[in-house]
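What follows is a single chain, given as structure tokens, in the form predicted alone.
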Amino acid sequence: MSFIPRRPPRHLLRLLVLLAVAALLYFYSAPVFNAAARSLIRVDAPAPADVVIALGGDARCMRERRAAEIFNRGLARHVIVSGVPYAWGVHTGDAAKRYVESLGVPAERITVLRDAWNTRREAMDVNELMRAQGWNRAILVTSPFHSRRAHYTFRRYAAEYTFISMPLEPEPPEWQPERWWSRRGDLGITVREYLSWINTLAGGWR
């Protein structure tokens, strides 16, 4: 009489499959998540331009500092800073201009975008300004996680011009793409940026 091996119980097979999937997720999720965050970053090779643009939204003025550094390196002849009206007649764009001046940029070389409520508005205003000034190339300075979407938005709303992405470095204590899900602040930034991409691709207000 021959021996016929019994098939393992169905629930055991399911358990083995779940364990295999869990092992794959454990070993491969971190590289996938890291790569997803790095995909938000766009860095182009430095090249001379007519103007360097420090996009708004940086309370620490690191974008303005980098824009001033780029100007002082001779890569741009003008600087654009952004801002919005604030309480008691304060305008954040004026504060950004004063800060850039303190870093060695002449006042007459600085232009303020005064209603920079979002990236799309900045891109539309820059489009008009570059046409009026006869500029053709601009350097974009923003946070690393925002750099690819910013470049996409500017190319979308100012398509006749060339934009070079030179964002801030992803260094602590700022946002970092490696293991972003393990830090509450970086988690919120990364998730929000992907949601903003959905909104941007759908033609939304950001």
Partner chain sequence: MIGVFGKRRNRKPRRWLRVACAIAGLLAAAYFSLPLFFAPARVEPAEVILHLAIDPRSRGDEYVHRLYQEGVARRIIAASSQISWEVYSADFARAHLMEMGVPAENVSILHLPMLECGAEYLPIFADHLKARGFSSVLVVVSPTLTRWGQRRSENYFRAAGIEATVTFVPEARAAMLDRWWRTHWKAQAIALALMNSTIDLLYARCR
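Everything numeric here is computed off the predicted structure, so don't read it as measured data. Positions refer to the first chain, counted from 1.
Keep in mind the form predicted in complex with the partner chain is missing from the figure; the text below concerns it.
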So in the model of the complex, does any heavy atom of R98 sit within 4.5 Å of the partner chain?
-> yes
Flag N118 as yes or no: does it have a non-hydrogen atom within 4.5 angstroms of any non-hydrogen atom of the partner chain in the model of the complex?
-> yes
Indicate whether P85 is a 4.5 Å heavy atom neighbour of the partner chain in the model of the complex.
-> yes
Is there any non-hydrogen atom of G134 lying within 4.5 Å of the partner chain in the model of the complex?
-> no
Option from 66 to 74, 158 to 166, 40 to 48, 175 to 183 whose residues, in the model of the complex, bring a heavy atom within 4.5 Å of the partner chain = 175 to 183
Members of 119 to 149 lying within 4.5 angstroms of the partner chain, judged by heavy atom, in the model of the complex = none
